[in-house]
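The form predicted alone is given below as one chain in structure tokens.
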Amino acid sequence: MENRTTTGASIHWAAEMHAQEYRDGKLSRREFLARATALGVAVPAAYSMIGLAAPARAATPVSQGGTLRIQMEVHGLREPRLYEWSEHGNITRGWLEYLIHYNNDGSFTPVLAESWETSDDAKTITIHLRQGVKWNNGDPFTADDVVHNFNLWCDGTVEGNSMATRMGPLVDPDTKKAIEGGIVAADEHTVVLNLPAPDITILAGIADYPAAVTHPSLNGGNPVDNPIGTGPYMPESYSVGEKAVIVRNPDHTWWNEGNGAYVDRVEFIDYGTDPATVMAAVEAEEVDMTYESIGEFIDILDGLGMVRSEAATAATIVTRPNQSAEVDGKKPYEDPRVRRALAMAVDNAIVLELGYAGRGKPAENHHVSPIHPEYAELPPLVVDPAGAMALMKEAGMENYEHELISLDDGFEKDTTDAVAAQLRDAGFKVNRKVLPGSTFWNDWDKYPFSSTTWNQRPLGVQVLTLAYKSGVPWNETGFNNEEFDKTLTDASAIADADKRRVLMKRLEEIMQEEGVIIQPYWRSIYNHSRPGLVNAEMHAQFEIKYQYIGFAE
């Protein structure tokens, strides 16, 4: 195998170049950290390059043991590459670990991967694995296990496997499986990815929650039924819609022993989607931390003495017409004039205020955030209800009744109500339908017209690939556009965010021109925890790393 791995010297040179761009004001701190750590520079060294000290993890909890009770919905579980909700990854995170983690400051840190390097041409990624790690059944953790997982992730023939979308050029477009020679175990603790074309999203993809590293024996099964993993915990019980209980595994020595696994037991308790019920549980001291605190209950929980944590994010909610969905034998949202009319009738700033109490920033209907390094600023959106009705009449759809569906969860319902109200003000007929989670989640990606929340992802090209590329599992809009797909592929191969921004501008324009989504706002996200709970801060991507949470004395 040809060795094209970037040397330590060239990694350092490239990172120093980015550090100078940061000092010159050309890069934000977040973007510098993302670039430097993706190259393989350790977080402390990356901070040192720009004259700052790396933020330390909160003080180690003094007390060992105890039960941590977390309010969070407990969804039905299946194999990790098919996970659709952050809650899935949170529950299994205690025994199924990841190669790398994404942090709120934009950096990537190693977990089962000890380090990684990217070649000068960005076509080779070399991943060095931690040595001495064992699965909890006693098997050694090796490069063959990681190759096995990459092959699973690349398998686009498995329905619902969103990881195949994240693997980019490692997936053969003809076979929909891993390309030959693309994933190689160079030795027992080294994996080399040989990409036919550069793709800057690969590392960010393996930090996302469906990328939990599984033992080969899982073989497509439920990880609760076959809980072989490398982490310090094990599942004790799992009841959908009620509770999942995770306990410390006394028969397994964790590779990071002494630096976590502080509590003996973790209970994820499902109180449903009504924030008032969650608040009552907190007030009754039934939980120690919330998965997410929303709306007016943020201030109420503050008043109960809970500790608020906030993360400014690229998390969002989109109201989207599904272009491929049929209603009574017709596709009502196939015509871009209909979609543009819907978007033109909605003032995103008003929806932010009514739907999320102003706790965020208005968005621009293209799902690329100012937080994303390649974000391109476009002219302000035009809100024109009269023009929207004229466009709808031109499409012959002025008398069509739109059924707008949402989850019954607080801000999702309120936001969708606000969108519906503005559509009605423009003269459109709208029937609102609110569904409980047990019903909504079954068909979240198939409804003709509905609202869905989306987590933050580190890169704009990453989220566009996951959500809007033709034919991918999470494309809930039915969007299929050849120019968009090609431009997105080209943009994903460009490491320099300034150069990538040129193509991103066109991608954002296509999203707006095609009326793909109504995206009201980018939202700040919050959680609350009891005083004395350590390392329970809100994560930008809703990750709860309970192996590092504990109680101070």
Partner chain sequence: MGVFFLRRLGTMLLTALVLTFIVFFLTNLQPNLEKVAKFEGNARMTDAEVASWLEKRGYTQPLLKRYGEWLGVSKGWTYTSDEGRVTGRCIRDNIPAEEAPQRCGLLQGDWGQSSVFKVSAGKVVSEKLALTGRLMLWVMLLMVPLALIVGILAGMREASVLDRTLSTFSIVTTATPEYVSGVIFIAVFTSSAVGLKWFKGTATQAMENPTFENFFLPVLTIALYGMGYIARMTRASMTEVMTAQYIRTARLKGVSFGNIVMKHALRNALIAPFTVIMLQFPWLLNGVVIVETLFNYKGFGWALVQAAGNNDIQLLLAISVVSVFVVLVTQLISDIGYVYLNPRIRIS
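If you superpose the two forms and keep the largest set of C-alpha atoms that fall within 1.5 Å, you have the rigid core. The structure displayed is predicted, hence computed values, not measured ones. Numbering follows the first chain given and starts at 1.
Below: the form predicted in complex with the partner chain, not depicted.
*Which of these residues, Asn151, Ser470, Thr253, Ser438, gets a heavy atom within 4.5 Å of the partner chain in the predicted complex?*
Of the candidates Asn151, Ser470, Thr253, Ser438, Ser438 is the one lying within 4.5 Å of the partner chain in the predicted complex.
_Between Tyr447, Trp135, Tyr291, Tyr271, only one gets a heavy atom within 4.5 angstroms of the partner chain in the predicted complex; which residue is that?_
When the partner chain is considered in the predicted complex, the option within 4.5 Å is Tyr271.
*Applying a 4.5 Å heavy atom distance criterion, does Trp474 contact the partner chain in the predicted complex?*
The answer is yes: Trp474 has a heavy atom within 4.5 Å of the partner chain.
*Does at least one non-hydrogen atom of Val382 fall within 4.5 angstroms of the partner chain in the predicted complex?*
So Val382 does not count as contacting the partner chain.
_Interface membership of Lys243, the partner chain in the predicted complex, 4.5 Å heavy atom rule_ = Yes, Lys243 sits close enough to the partner chain in the predicted complex that at least one of its heavy atoms falls within 4.5 Å.
*Is Glu84 close enough to the partner chain in the predicted complex to count, meaning some heavy atom within 4.5 Å?*
Flag for Glu84 set to yes.
*Could you tell me if all three of Ser369, Asp425 and Lys545 have a heavy atom no more than 4.5 Å from the partner chain in the predicted complex?*
No, none of Ser369, Asp425 and Lys545 comes within 4.5 Å of the partner chain in the predicted complex.
*Using a 4.5 Å heavy atom cut-off, indicate which stretch of 91 to 99, 347 to 355, 227 to 235, 155 to 163 touches the partner chain in the predicted complex.*
Careful reading of the contacts points to 155 to 163.
*For the stretch 258 to 297, which residues lie within 4.5 Å of the partner chain in the predicted complex by non-hydrogen atom distance?*
Result: Ile269, Asp270, Tyr271, Gly272, Thr277, Ala280, Ala281, Glu283, Ala284, Glu286.
_For a quick test of reading the superposition: does Phe440 move by 2 Å or more at the CA between the shown form and the other one, rigid core aligned?_
Result for Phe440: yes, a 2 Å-plus shift.
*Rigid core fitted, then: does Val282 show a CA shift of 2 angstroms or greater between the shown form and the other one?*
Moves: no, less than 2 Å.
*Do you see a C-alpha shift of 2 Å or more at Ser115 between the shown form and the other one, with the core held fixed?*
Where the cores coincide, Ser115 shows only a C-alpha shift between the shown form and the other one that is less than 2 Å.
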